[in-house]
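Next come structure tokens for two forms of one protein chain, structure 1 first, structure 2 second.
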Structure 1
């Protein structure tokens, strides 16, 4: 199967479908996870990242690029790239890296969702410290016991930014910044859009069709 770059607005289900691909042998590459991992390892690079974050500054494109390159150089199976690229510069840097590493078999999947539906999903979202996620507005993702994790029994929590006002800002910011990236991959004939207003199983099957084509 081909590797995949996921582009998805908040609450579009990227996490759900990434997990499903992982069960098929995909390696999940999250820029956020990589930054946290480098910090926890205490490497020189990790210390540099920690100092940048503690100052409230953004980690540079070059630094993130070097982390992704380091990871991709040691992968021998299909991967999911999550949270990158977020800008045209990052997309161009990634394209150059793919050429350098001779990575050609990949597709870009964009998960389509309306603001109204995304907000409904976000405002109903609950999570647990063990990593499990739930949604009170979706019968398939409701916890068996209100407010309690099915897996570990701990209390579920709601993200502080999952409120209507902040979610609208997050969603609109994402849509505006993502438009040129979608256009960039459209020109490369790599972009595939999937309507998320359908059963998750159908979405997963469509993703598999794209990656197996």
Structure 2
């Protein structure tokens, strides 16, 4: 199986599909997770990162590059890159790193979704502190009991930024910043777009087809 760079607007289903790939033996590499890990260590670097993330800005290209490099240098299985690259400079750095490490077997998957549909999904999204996620507008992802986690029985919570106004801003910011990255991978013949207005199982099948090709 090939490795994958996942690019998806908020609420397009990246989390669900990443989880499915992990069950197939993929390693999930999220720059957001790695940065939060550094923050939790309470180092000087962690404090610096925390300030940047809290302002909603991006951390420097050099910093995320060094984190990604450390992870990819020791990897021995296919991986999912989640949240990286986010700028053209990062895409170029990643390309150089892939050459250095002789990583050629990868594809870029873009999950397509309209603002209206993404908004609907985001507004129905609920999560549990144990990590489970639900959606009250999707029969397959509804909790069995309203507002309660199927897995651990705790009360479900709504993300504070899953409200109409801030979701729209997040979605549009993502679309604008992603455009040049999509074009970058399109030129390399690496970009595959999948319409997410279809059954989840079909999307999984299409992802597998792309990664097995």
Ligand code: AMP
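Under this definition, the rigid core comprises the largest set of C-alpha atoms superposing within 1.5 Å between the forms. Positions refer to the first chain, counted from 1. Computed from a prediction, not measured in an experiment: that's the story for all the values here.
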property	result
Assignment: the form predicted in complex with the ligand	2
CA of residue 47, rigid core aligned, shift of 2 Å or more between structures 1 and 2	yes
Core superposition between structures 1 and 2, C-alpha change of residue 154 at least 2 Å	no
Is_shifted residue 28 between structures 1 and 2 (CA, 2 Å cut-off, rigid core)	no
Core-aligned CA shift between structures 1 and 2 for residue 38 (Å)	3.4
